[in-house]
Ligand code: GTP
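Only one chain comes next, encoded as structure tokens, the form predicted on its own.
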Amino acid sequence: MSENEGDEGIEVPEDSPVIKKLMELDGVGEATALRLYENDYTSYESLSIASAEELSAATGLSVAMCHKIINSAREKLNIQIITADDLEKMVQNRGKITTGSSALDDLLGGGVPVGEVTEFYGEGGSGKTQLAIQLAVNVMLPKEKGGLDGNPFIIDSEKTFNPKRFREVAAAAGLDPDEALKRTRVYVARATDDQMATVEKILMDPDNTIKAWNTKLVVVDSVIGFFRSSKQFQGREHLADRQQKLNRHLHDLTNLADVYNIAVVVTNQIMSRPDVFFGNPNTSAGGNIMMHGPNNRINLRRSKGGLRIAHLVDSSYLPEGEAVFEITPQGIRDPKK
């Protein structure tokens, strides 16, 4: 019996557009659609970025059948090979979110880009959360003012989100603070798996998250906290498991940015490298996974007079450089001259 035989007797949820949409894929009948639905594969996008082995493990369908479903989903999305000059135009026209500082925007090629993961890392008090709040506010601005006319989703793993501070920054940006808070989704994660599951939920169910909320920015503040402090990863014998999970988490965040064309910002802590004798021994926590995961990596550090220095350490297309900014009662700004 094929995997689709016997589908006729399966009861489909009443008026379920998701089930009907899944049944438009090649070889997917009611039973298979339900199996996909029950395992949170509810969109063509979530299927298109899955591997056949991953989909098979989750649903119990054969790998061959999963290949067929994934390819059909990709055809529905009209995923195409494009020319390099078309890619260049896409990159040039890519939306960006202003940071509030023209110097920092210039360092980032015009602001924090959509379609990519941007990491801000530094010691406590370097401005990571302040930048996260500023970007969450600025994404709501109209495009002509450096925003994306969209809304933010904040995953708070360290309980650093402060509504009072958010109100101050929103008001300074010309937004109604009450309305800005209502437009902002915040999830306070409580553990590593909780943090990962939240990203997976957004990734797998875009119709009820990204599209329903008009999400244009996802912030994880901080991405590494639970991975460093959780008891499940204490001891060197658990390091491989931790890195494997962190790699999966970064992969999900990268897919989130790329597939749905939104900006993803993660904040990170620092660690000291004992093997560095000259220069700055501090690097972002998370080892090689964090060094190679985000598209853009910016180190933040304090400077004299309350100023902050942003050092673009690594980018796939931007030159290394530095910018100076300050944190004012109104938010992130260029230093006063």
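Keep in mind it's a predicted model, so treat the numbers as computed, not measured. Just count from 1 along the sequence shown to find any residue number.
There is another form of this protein, the form predicted together with guanosine-5'-triphosphate (GTP), and it is not shown here; the text below is about that form.
*Asks:* Counting only non-hydrogen atoms, which stretch in 126-134, 171-179, 70-78, 208-216 is within 4.5 Å of guanosine-5'-triphosphate (GTP) in the predicted complex?
*Replies:* Careful reading of the contacts points to 126-134.
*Asks:* Which one, Asp149, Glu200, Asp258, Glu158, lies within 4.5 Å of guanosine-5'-triphosphate (GTP) in the predicted complex by heavy atoms?
*Replies:* Of the listed residues, the single hit is Glu158.
*Asks:* Which one, Ile327, Ile19, Leu25, Ala323, lies within 4.5 Å of guanosine-5'-triphosphate (GTP) in the predicted complex by heavy atoms?
*Replies:* Contact with guanosine-5'-triphosphate (GTP) in the predicted complex is made by Ile327 alone.
*Asks:* Each of Arg165, Arg302 and Arg308 having a non-hydrogen atom within 4.5 Å of guanosine-5'-triphosphate (GTP) in the predicted complex: is that the case here?
*Replies:* Affirmative, all three are within 4.5 Å.
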